[in-house]
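Next up is one chain by itself, shown in structure tokens, the form predicted on its own.
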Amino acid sequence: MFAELSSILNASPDSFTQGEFILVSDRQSDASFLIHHFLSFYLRARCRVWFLGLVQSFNHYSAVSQRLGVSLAQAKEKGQLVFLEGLKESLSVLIPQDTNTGSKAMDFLRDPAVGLKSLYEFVRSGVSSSGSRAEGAEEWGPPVLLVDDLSVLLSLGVSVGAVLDFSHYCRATVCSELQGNVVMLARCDGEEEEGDGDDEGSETLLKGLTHQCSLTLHVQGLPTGFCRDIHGQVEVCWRRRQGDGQSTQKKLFQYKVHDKGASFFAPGTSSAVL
């Protein structure tokens, strides 16, 4: 957990806003350190976490979390963490075994055109049962859904509309119905400019997700180029309903990622309310 980032977001494991949809995005940079932050943060907050790891393995996240002082293996054993290892589940769909014990969450790989209903049902059935617990089992806080990352679904043939539908239903179930939180990562590898390039799908996805979320953290490189002491910058944007409209506040921070955390600097912090 990165203490400086928690301070910026005015949150702690003992006190944080519920019902939030948080979008983490990056452009020609790597925002995965923020996913590691939110994973360790919500586990420390004693939330029950559903993690859709569509890009990296459980061992990858476990190794990073260990350096942040959190054991994912213990969290899984206690039932606090439910981890869908997308890479392994994909193999069970694409290369069926005689004794298939995998979930049906990745069934969309057989026909991406059908959408992500199976993946959503995996999430819905899990988080909806989070309130019930066996006698003697530990009691957890509000449910949290983490997804790393949505953009990979586009490369698997899923349409932008289907991905946005998935995020909308997840938000309705987790944030609105259960007052839990959702954190999703989306990547845009191209330059930020209009056109009909190869990244049009990821740009459309990012814009659609931005309209749905209440908090965005957008990571990008420094406009001045490479710097050894600063790895990039993060634009944090809060969106809050205000009367019939919406208020937006933005702040810009520079950051440097260390082995056990990250430092955030704000020499040129900008703030605007629209």
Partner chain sequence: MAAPMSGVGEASAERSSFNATSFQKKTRSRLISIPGTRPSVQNGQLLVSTGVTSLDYLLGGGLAVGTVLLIEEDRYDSYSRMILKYFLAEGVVCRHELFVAAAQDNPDDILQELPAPILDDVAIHKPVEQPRLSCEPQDSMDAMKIAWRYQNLPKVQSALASSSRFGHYYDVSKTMEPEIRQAAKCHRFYLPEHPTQSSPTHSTMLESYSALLKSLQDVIHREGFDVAAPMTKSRNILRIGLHSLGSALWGDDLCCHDNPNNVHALTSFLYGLRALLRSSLSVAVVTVPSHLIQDRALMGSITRLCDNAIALESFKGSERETNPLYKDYHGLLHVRQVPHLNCLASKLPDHKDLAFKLKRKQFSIERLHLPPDLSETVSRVSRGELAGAATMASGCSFGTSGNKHLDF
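Residue numbers count along the first chain shown, from 1. Because the structure is a prediction, the values reported are computed rather than measured.
The protein also exists as the form predicted in complex with the partner chain; that form is not presented, and the subsequent description refers to it.
Participant: Counting only heavy atoms and a 4.5 Å cut-off, does the partner chain in the model of the complex sit next to every one of 66, 231 and 261?
Facilitator: Yes: 66, 231 and 261 each sit within 4.5 Å of the partner chain in the model of the complex.
Participant: Would you classify residue 30 as touching the partner chain in the model of the complex, given a 4.5 Å non-hydrogen atom cut-off?
Facilitator: Within the cut-off, so yes.
Participant: Is residue 55 close enough to touch the partner chain in the model of the complex, meaning at least one heavy atom pair within 4.5 Å?
Facilitator: Residue-level check for residue 55: yes, a contact with the partner chain.
Participant: Please run the contact check for residue 172 against the partner chain in the model of the complex: heavy atoms, 4.5 angstroms, yes or no?
Facilitator: Because no heavy atom of residue 172 falls inside 4.5 Å of the partner chain in the model of the complex, the answer is no.
Participant: Using the partner position in the model of the complex, report whether residue 152 sits within 4.5 Å of the partner chain, counting heavy atoms only.
Facilitator: Heavy-atom contact with the partner chain at 4.5 Å: present for residue 152.
Participant: Look at the stretches 84 to 92, 138 to 146, 164 to 172, 117 to 125 and give the one with heavy atoms within 4.5 Å of the partner chain in the model of the complex.
Facilitator: Heavy-atom contact with the partner occurs in 84 to 92.
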